[in-house]
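Have a look below at one chain only, the form predicted on its own, in structure tokens format.
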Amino acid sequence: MKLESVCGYVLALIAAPILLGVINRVKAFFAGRRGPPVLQAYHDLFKLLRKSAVYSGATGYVFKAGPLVGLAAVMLALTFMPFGGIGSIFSFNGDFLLVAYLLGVMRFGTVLAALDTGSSFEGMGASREVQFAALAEPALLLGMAVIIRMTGQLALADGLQSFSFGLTAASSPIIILLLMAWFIVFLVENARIPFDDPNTHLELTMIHEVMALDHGGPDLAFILYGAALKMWLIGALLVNLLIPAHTGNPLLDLGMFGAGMLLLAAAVGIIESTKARLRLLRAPQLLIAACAFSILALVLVLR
């Protein structure tokens, strides 16, 4: 375990909520508003942590354990993710499957907690969340298979760090297809427009946010912070492919990676400012397109 890998991991834990602040500032800019501060997410998290949780008599231990399970799963998944030229804390052959399953465990905990409330609205959100995940996960895993085939590395960190600007330029059609597929996965997994609207308060149209309606205090803080870490994790997959800079200077590599993450957040803000949310029946079609992009990239790399 290298010290720079631990520093990269700690930086991810600290910086992840900034992505939400950047997205909100970009959306405010396009709307002609001043918008909340970039660090507003930190204020919200600390405010929630200072409150006490209130539990309904209809809920059980599953409801209480859901936020903790989700946060623990995504924090463990982050230990396998490289950040630019900074390697991951842990790595072994086939660890990409563990990362995908840990994201599944995170979703499983949130869905079970939502179902434990017995609320029809939360059950509806859980159903939609699982439906979208069933289409997003194949696109994510097929994309990882493309990376394994291109680099010959079975470990996620080794595979992502084997990319260079030369390899990316030589395989640009495959990389473009992979980026398109993973960007769609990034939007749906983080409940962003066009799949979901994190700012909506209409239960009938909510997907991810409706599952957290009955959570409050520290439990809601764990859910929001876990969602920010998940955004950082999946965003890191995109940035590692888009900016494969490995100069050997940890500070420079980490700086370029951080700039890439901020640009990704700004891109999400622009999309949410200029695009409308898809009709619910149209969302699976876009996810199937993401699977098609990943399959086409795999076919190209296998030929």
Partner chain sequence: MTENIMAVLILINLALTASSRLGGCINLVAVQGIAIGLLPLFAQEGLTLRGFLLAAFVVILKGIVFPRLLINTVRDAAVRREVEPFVGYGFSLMIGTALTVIAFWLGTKLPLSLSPSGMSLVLPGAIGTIFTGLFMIVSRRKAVTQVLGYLVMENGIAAFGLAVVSEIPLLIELGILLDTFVAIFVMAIMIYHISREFEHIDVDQLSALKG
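No experiment lies behind these values; they were computed from the predicted model shown. Residue numbers count along the first chain shown, from 1.
Keep in mind that the form predicted together with its partner chain is not shown, yet the notes after this line are about it.
S.K.: Which residue among V22, A292, A15, A283 has a heavy atom within 4.5 angstroms of its partner chain in the predicted complex?
M.R.: Of V22, A292, A15, A283, the residue with a heavy atom within 4.5 Å of its partner chain in the predicted complex is A292.
S.K.: Run the contact test on L68, L213 and L224 with a 4.5 Å heavy atom cut-off to its partner chain in the predicted complex and return yes or no.
M.R.: Verified in the predicted complex; spot residues all out of contact, no.
S.K.: Report whether the minimum heavy atom distance between V6 and its partner chain in the predicted complex is within 4.5 Å.
M.R.: Outside the cut-off, so no.
S.K.: Find out whether any non-hydrogen atom of I288 is located within 4.5 angstroms of its partner chain in the predicted complex, and reply yes or no.
M.R.: Residue-level check for I288: yes, a contact with its partner chain.
S.K.: Using the partner position in the predicted complex, report whether L177 sits within 4.5 Å of its partner chain, counting heavy atoms only.
M.R.: Yes.
S.K.: Using a 4.5 Å cut-off on heavy atoms, what residues in 80 to 98 are near its partner chain in the predicted complex?
M.R.: Nothing in the stretch sits within 4.5 Å of the partner.
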